[in-house]
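Listed next as structure tokens is one chain, alone, in the form predicted alone.
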């Protein structure tokens, strides 16, 4: 079963088409709430289930009920969904290059000195995201080098200036700033006021003559199981529509508006090599993942983190059912597939509500335990 599943997934990759989409927020701030944090805080990115829900909601408003039901049915009926969506991650433009950050896999890279890492482990552990070129070298290339050890020690003691530094490994948080703004709520009946604070994320931007140039923002990957120009055009239009309405919270204040750039990845050598890597023995999630029951053997030699996912139904004072999902960076010996989770609360009767656990992963090479 393991080998037939891997064969089908690899065959799916060979037949697929990949896209990279940049979300450019310009001067617009955004509020990305998460379970467990209050409105005064915000994350810097959007996970795949939230992006899927917002995108499908925009799709429904643009193409109406029958079209969205037909699309959702394709996800529900098939073991090969028409498209897989990664979570969003940070990109940062620096001169003529773009640094794409990916989640650090939850297993050590090959050649990592696990028994001799006290001098730099805290610095290594803080690297939740790696630039694509470092991610590729550690998990699809030669692995961890002695020079990496020396540079992590130098970074721990002060400031490094080696290859990891030049690749932007320690500069993830330079791509955005998180702050708080005061807000006032007015009671509709008593007119009483209440002061509160809301967290916003602001990505880097610069004034370019009369235009705004986004120097950082979010990106995500799309994986079509087969070429479908009609579906891609519709998704492109719905994402453009979503950008005009905004994503995340505080949209009534103008937060979360973005424009999009849509790229094919077959001309980008770095991404092309990362996706088509054939020497891997594990798979690293770049989306959330949910499936019940789990496939046999999936958790053998796996390293993972589990997140609780919940939230409100837009326009209703009802919470969706809570569901636990595997987080980005989780590592499995088999390529995870995933499904849509029905999170419709019992008292909500208008239509089913789904949260996407359909996964997207990249092949990596790690030491087998």
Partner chain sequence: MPASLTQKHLLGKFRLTSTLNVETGLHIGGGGENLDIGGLDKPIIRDPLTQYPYLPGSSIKGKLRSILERLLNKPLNRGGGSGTYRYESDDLADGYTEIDGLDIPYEGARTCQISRIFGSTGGSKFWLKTAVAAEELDEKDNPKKIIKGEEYIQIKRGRNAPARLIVRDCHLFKDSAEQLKRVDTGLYMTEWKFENGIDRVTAAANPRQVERVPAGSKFQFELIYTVEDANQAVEDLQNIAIALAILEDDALGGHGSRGYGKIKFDKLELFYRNLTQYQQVTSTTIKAASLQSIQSFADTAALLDNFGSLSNEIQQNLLSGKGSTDE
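Numbering follows the first chain given and starts at 1. This structure is a prediction, so every number in the text was calculated from the model and none was measured.
Another form exists, predicted in complex with the partner chain; not displayed. Remarks below refer to it.
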Specify the contacting stretch among 272-280, 155-163, 200-208, 95-103, defined as having any heavy atom within 4.5 Å of the partner chain in the predicted bound form. 200-208
In the predicted bound form, does each of 27, 181 and 317 have a heavy atom within 4.5 Å of the partner chain? yes
So which of 327, 60, 331, 323 reaches within 4.5 angstroms of the partner chain in the predicted bound form, heavy atom to heavy atom? 60
Consider the chain as shown here, without its partner, and state which of 150, 244, 296, 226 has a heavy atom within 4.5 Å of the partner chain in the predicted bound form. 244
Residue 193 within 4.5 Å of the partner chain in the predicted bound form, heavy atoms: yes
Within 4.5 Å, heavy atoms only: does residue 348 come near the partner chain in the predicted bound form? yes
I'd like to know whether residue 114 contacts the partner chain in the predicted bound form, with contact meaning heavy atoms within 4.5 angstroms. no
Using heavy atoms and a 4.5 Å limit, would one call residue 142 a contact residue for the partner chain in the predicted bound form? no
Using a 4.5 Å cut-off on heavy atoms, which residues of 238-254 contact the partner chain in the predicted bound form? 240, 241, 244, 245, 251, 252, 253, 254
